[in-house]
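One protein chain, two forms: both are listed below as structure tokens, the first as structure 1 and the second as structure 2.
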Structure 1
């Protein structure tokens, strides 16, 4: 991949713009709340685009393209089954609890609903998860610099870390949110031409379908048996593992995305944030998955395109960058690389801002310095930003073991988000659930996830206890880890809650369904009503599933 002067100019302009946003917003950061929560003052159209862009990091763009090459159109389930229904649920049902409780973070909601130990456990596990996620983003951009500039992986990782550190250190969450909006448009602009060029060269959708096995071009048709599709998963594993546990566990409880909606300037805006974001989200498979499928078709055409090898198979993570190298001329290559770097910064900064909020409020303020000045907490938040990036550098090296970074991310989500969703489901909709039950359930879910991973093997990973079962893919293994983790957490939380005393109803106002006033939409036009938006979103995504059945 050879860059010309115009490509470097485009990259330089982008970096200058990003850093400029950080410097401008720095003047508005007067308190720890400004730095960590944006003081709940961001307009709904900004929070909506940031909501989707926070989940559109390098691991999403590179990883979904890689999954498209590895698993085919079934990867679209991460959107049409594994995102949209959960985004509707969090907007309609869960956001009133988050926003109405005035909690500054998801772990803080757990403290209000349950107790301190439940908050502490979730804060610690979430902090670990965000470090892993940001490390994966760093790995992706490090590989990009290595491919484009010919640098060593270490030098590439250090440079990418320094770039993100500057603007997140300066402007905090507000800087990250406004940059995420810019990055969303850059990602769409940078990759849409690649989709058109790759698909057209492969002969259109019909040409792709003729060159690849039918299982690669259908979403549902080959889910009847786990042996009949490359993901190695059947309908139950897909629907329960991805569509329910992992999907709802991520979109409904992951503070990285919830934080964007909580930054909105009103309850109505907070509820509409994930619903508005769902519309562009359902079309993202055509931007990030379709190029990976086209890459596999192009590799069959004998035109010189091929994926590099990694271990015993292809390096699917390089599907996107090799397509860019093959199809983009100078100038357009600069736009594409800028879009990739934008996606990296989106994911990296999103995880770092979530990490510093949870660490500062839910760990440091709660357990180390509970009565310090606000100026002190602002200083801690900035120091935590630096430490979060340093820890992410270490996890970037772990990602090198995987030939599809989405496999690693879903494994992490299986351990953290899957049991957490069971805790939230019971906490928000069953007032009898208790703090002892929630804490015991979370521990049981994590132990169950570790046990399933240790007793099963997939693509050489897992089975560190014994090999009781072998999965055909790490993604199938991840789905079943999530199912067992959620089930264990749910069962243990119910049993322990029934044996322990719950909080009185007077302490649960604004935290539990039935004891919380849900905002009324009378007088609002239909497009501002969460219920109407939700129905429109669900109808559109159902149509997508039917068309690509």
Structure 2
């Protein structure tokens, strides 16, 4: 892929704008709360777009296009089943507790609801995982730009890291959120023409459907049996594993996304953030998955488009970049590559801002220096931003040297995240659950996840204890690991809670359902009422599932 002057100018223009936003916001950062929580002052349309943009990182854009090419329309379940219902749940039911408790982070909510050790466990694992995720994202960016443009790995990693560092160092969370919105529009407008061109050339949706096997163009029809679809997943694994445990575990408890809603300027805005975000989110498969499906149809047409080979099959990871190389002339190529760079940077900045908040409030202020001045915490937050990015760079190089570190990190991440939703579900909706219960439940969930991985095999991965069962794909294995981890956490939390003393109800106001006043929204127009918005979202996503059944 060859770039021309105009492509570099567009890339440079983007860098200038993201840095400019950082400089403009810098002036209003006067306290640690300004830097780490935006002082709960961000308008709802911005928090809503940032809510999905923080998740719109490299793995999302490149990975979902690759999955579209490999698995077809079933990949849309990561949105319609694996995101939207959980986004509705967090907006309607969980946000009143997050926002109403005045907690500054998800681990801090756990301290208020349960105890210090539960917060410590969540904060430490989250901080480590977040900085490593950012590093893995950087690694993916460096490799992609090296492969596609022939750029040096070091130059790509250092350039993107330096720009993210400057704007997050200057403006903190507000700067990251504002830039995520710019990045969101750039990603959508940068890739939409590619979708139109690829689908039109392939003969529209009917042309694609005629060229590909039917399993590639249906979301539900081939889920009855794991052997009849390329994901190797059956309906229960999909609904319970992805649609419930993994999805709710991520969208409802991961501070990276929840932080965006918590930055909103009112409780009503915080509740509406994930609900408004759900509307563009449900259309994202048409931007990131559809090009991958179209690529498979185009590859059969003999029009000069092919996917490079990797092993015995095509290299699906190159679906997006090969489409760009084929359909974008210089100019739009610059926009497309800038959109790709923006997706990497939004993911990286999201991780870094969540990391510095959790480190500063939940680790440094809690365990290292509890009663320092706010000026000191602001300084710590800025320094944490720097070393968080330095650690991410180090992880990117580590991933380059030890390729399987990425698999390992993703695995550990799923071990930690999957059981967490059980802890929050019981914490928010069962006042009898206790700190000892939550802590032991989390540990049991992690052990259960590790055990299932150690006892099952999929695509050569796992079975490091014994090979009790073989899964057709690592995706199916991951779904079942999540189901077992969540169930173990739920069961152990209930059992240990029943055997230990709960907090008195007077200490649980604002933290638990039944002891918290849920804000009333009568008299508001329907589009400002979370309940009505949730119904509209669910109806729209149900319609999508029916259309693409």
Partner chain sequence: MIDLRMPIGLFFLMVGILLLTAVPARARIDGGPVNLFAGLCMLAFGAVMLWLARRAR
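Keep in mind the model is a prediction, meaning the values are calculated, not measured. Just so we're on the same page, rigid core means the largest C-alpha set that superposes within 1.5 Å between forms. Numbering follows the first chain given and starts at 1.
Remark: structure 2 matches the stated condition (the form predicted in complex with its partner chain).
Annotation for residue 118: C-alpha shift under 2 angstroms between structures 1 and 2, rigid core superposed.
After superposition on the rigid core, the Cα atom of residue 156 is displaced by 2 Å or more between structures 1 and 2.
Taking 2 Å as the criterion, residue 392 counts as shifted between structures 1 and 2: its C-alpha moves by at least this amount when the rigid core is aligned. With the core fitted, the CA of residue 131 sits 2.4 Å away from its counterpart between structures 1 and 2.
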